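What follows is a single chain, given as structure tokens, in the form predicted on its own.
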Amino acid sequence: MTTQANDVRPVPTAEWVTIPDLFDDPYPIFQRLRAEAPVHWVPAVDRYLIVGYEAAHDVEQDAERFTADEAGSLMKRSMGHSMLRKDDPEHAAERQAYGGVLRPRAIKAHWNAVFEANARVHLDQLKAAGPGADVVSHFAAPYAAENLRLVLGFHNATADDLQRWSQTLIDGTGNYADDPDVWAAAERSSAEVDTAIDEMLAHFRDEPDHTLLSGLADMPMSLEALRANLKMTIGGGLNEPRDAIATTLWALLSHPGQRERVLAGSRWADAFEESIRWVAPIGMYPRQATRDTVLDGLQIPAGARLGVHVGAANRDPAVFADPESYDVDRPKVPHLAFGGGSHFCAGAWVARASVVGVALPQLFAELPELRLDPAAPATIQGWVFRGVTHLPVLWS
């Protein structure tokens, strides 16, 4: 769509938005912002916040105007300069180095059986904890962590290590409050991951296998880039499946009609895709304007730091009917939870295989009477990364 010069508006400022309010529940804030404009300058987070679907989609597809290589990136400080903060062709070369380890053929050949075995182990642990157990800490998180540990090839670490590394590194990536304790924890994990990577690279050069670290051991990539990419993969590779499991479970248990339709048709893929549209685990990612430009009718200055909030874009009523509702029957419209363009999430196939193909059907098969605990409501938090952090459940 061509925008005439006299149609261009300045970006409004939203001084009333605060980080604590975003953390508790960002969706009423996004509704108010979208009603005025798809982009706002938000002083509390020191960036232009994109809350409209069309604007978010345009930014993702146009690396000439909106670079991924943001100056002053929190992700670079927390994890190093990974491929997510690079544009093509540098991004494409590092993405290509990941090969087929995370793709459907390898998942079918090597990982589906691993996911099924891990699900059985962690379902037994959930059942042993008894009714009232938190399904996040007793199933979703350890299951996602153990899957990721094995796929990546961290034979010298535990699933608990993966959980600690992932949480502290993404806490650093989302540390818009500049909390020094958050930075300290991220730095400790970064150093631990570097050591673990170095040990495993030496191991895999003599004893290769089908893990990601083994595949990267002989790739022509700098050690700095390899370390940063693995830290990025640890961050997103754990929180996405963990939060997708918990959010889908919470959605189905709190919407009995939706649960009946999903169970009747084994519609686990529909339940999963709707849950990550409804509550995107990775809510926001940054971009930076390379020039003075116009975005969805709004003037964006050169150098502007943008926050593309896919969690907000995924609830844009201009694209999704009744967007605040969880509805597995809604018309199929591409959501932005896995990003888009050349930066589409490399781990999307692993997440779908481990959650849709294994975790959700096994949970409901093993615990058909699963229900929410009315005495212990679920806790949902976050705005850069958002998910169900505690989900106590009961069963008969």
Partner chain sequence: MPTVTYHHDGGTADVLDVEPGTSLMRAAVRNGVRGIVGECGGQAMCATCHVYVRDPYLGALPDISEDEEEMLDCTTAPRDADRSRLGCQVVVGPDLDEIEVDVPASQV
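Fair warning: this is a prediction, and the values are worked out from it, not measured in the lab. Positions refer to the first chain, counted from 1.
Below, we refer to the form predicted in complex with the partner chain, which is not included among the displayed structures.
Q: Just one of 367, 346, 55, 328 has a heavy atom within 4.5 Å of the partner chain in the predicted bound form. Which one?
A: Selected residue: 346.
Q: Taking 4.5 Å between heavy atoms as the contact cutoff, choose which of 47, 335, 65, 34 touches the partner chain in the predicted bound form.
A: It is 335.
Q: Thinking of the partner chain in the predicted bound form, which stretch from 66-74, 336-344, 38-46, 357-365 has heavy atoms inside 4.5 Å of it?
A: Checking each option against the 4.5 Å cut-off leaves 336-344.
Q: Does residue 301 reach the partner chain in the predicted bound form if we count a contact as any heavy atom within 4.5 Å?
A: Taking the distances in the predicted bound form, the answer for residue 301 is no, it never comes within 4.5 Å of the partner chain.
Q: Using 4.5 Å between non-hydrogen atoms, is residue 85 touching the partner chain in the predicted bound form?
A: No, no contact at 4.5 Å.
Q: Does the partner chain get within 4.5 angstroms of any non-hydrogen atom of residue 95 in the predicted bound form?
A: Contact check for residue 95: yes, within 4.5 Å of the partner chain in the predicted bound form.
Q: Using the partner position in the predicted bound form, report whether residue 132 sits within 4.5 Å of the partner chain, counting heavy atoms only.
A: Contact with the partner chain, no.
Q: For a quick check, can you give me the residues of 44-66 that have a heavy atom within 4.5 Å of the partner chain in the predicted bound form?
A: Counting only heavy atoms within 4.5 Å of the partner chain in the predicted bound form, the single contacting residue of 44-66 is 61.
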